[in-house]
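Have a look below at one chain only, the form predicted alone, in structure tokens format.
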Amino acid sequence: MKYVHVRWKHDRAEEPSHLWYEVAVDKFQNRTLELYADGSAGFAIRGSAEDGSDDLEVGGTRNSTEGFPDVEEINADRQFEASEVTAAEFEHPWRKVLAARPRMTSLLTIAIDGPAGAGKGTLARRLADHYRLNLLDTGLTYRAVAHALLQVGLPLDNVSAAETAARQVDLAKLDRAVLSAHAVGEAASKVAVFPTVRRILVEKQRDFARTPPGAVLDGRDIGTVVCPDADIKLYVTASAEVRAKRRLAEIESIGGTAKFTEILADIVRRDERDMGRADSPLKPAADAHLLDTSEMAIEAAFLAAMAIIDDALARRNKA
């Protein structure tokens, strides 16, 4: 991605003064943000079309259906002053604008389930940002229990110790950086099989979902067990091969190495374990919307999820 900030040197209130662009490698705009003198903003997100023509108009703005010009070409017009910026410099105004949108006036719960590597975590974060909702990766709660046992050297099959650790989990202090370690994940799969531990954590997760203005929760049993009455339920999936490729690319992007066949085998084993367990197996809720991301980029998945949610909100508002 390339990020560009453009200042439009004019005094017309009806036109934006500052424009921020996230430009993809194919030179089409991925995200666009327009800021006006009165403090209002318009923004757009690119859809799945390769020619940039399938954009989502979110706030009175649309992305161009033509390739984005070079910074030098923009600066050739003396009305504009353009410069490339960092991703962080782009994200700051983008998130600020999203944060300024009105919060939900009534509680909203979005349940997102699906297997590992399908993209539900990234989608959950994007939706929580967009709708200004609280966010919980429920898998981290089980990792927190496992991490607590590992820290004091207690065996992972000690049910009593796991129950105590589960009661002490603070959902406001889940450290993703620490809990994402592979060893913690392996340990979490062992403590997550205890029904009593699951019941303790599920109650904490339900309390989280009931905290205004609502929440986006992602996991394995949100729509079926944790929040069966959630306003919107999404089941995000992808083929095991695609998920393995994504995981391999993620590992390689940070300088690591791995074998595709081993990653694939691990994903298949995890799917079998999650779907075959007696207590809260991984499966789509009967009323869940299916999102297969096998051939779908995150932006396209985000747009599809937004369409589902906005439709549900519109129907709720009319009721």
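Model, not experiment: these values are computed from the prediction. A residue's number is simply how far along the shown sequence it sits, counting from 1.
One more form of this protein, predicted together with a small molecule, exists but is not displayed; see below.
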Site test, Thr122, Tyr235 and Asp292 vs the small molecule in the predicted bound form, non-hydrogen atom cutoff 4.5 Å: no
Mind telling me which stretch in 216-224, 151-159, 241-249, 164-172 gets its heavy atoms within 4.5 Å of the small molecule in the predicted bound form? 216-224
So, Arg198 and the small molecule: in the predicted bound form, are they within 4.5 Å at any heavy atom pair? yes
Lys283, heavy atom within 4.5 angstroms of the small molecule in the predicted bound form: no
Just to confirm, Ser189 within 4.5 Å of the small molecule in the predicted bound form by heavy atoms? yes
Although the partner isn't part of this model, could you tell me whether Pro228 comes within 4.5 Å of the small molecule in the predicted bound form, counting any heavy atom of the residue? no
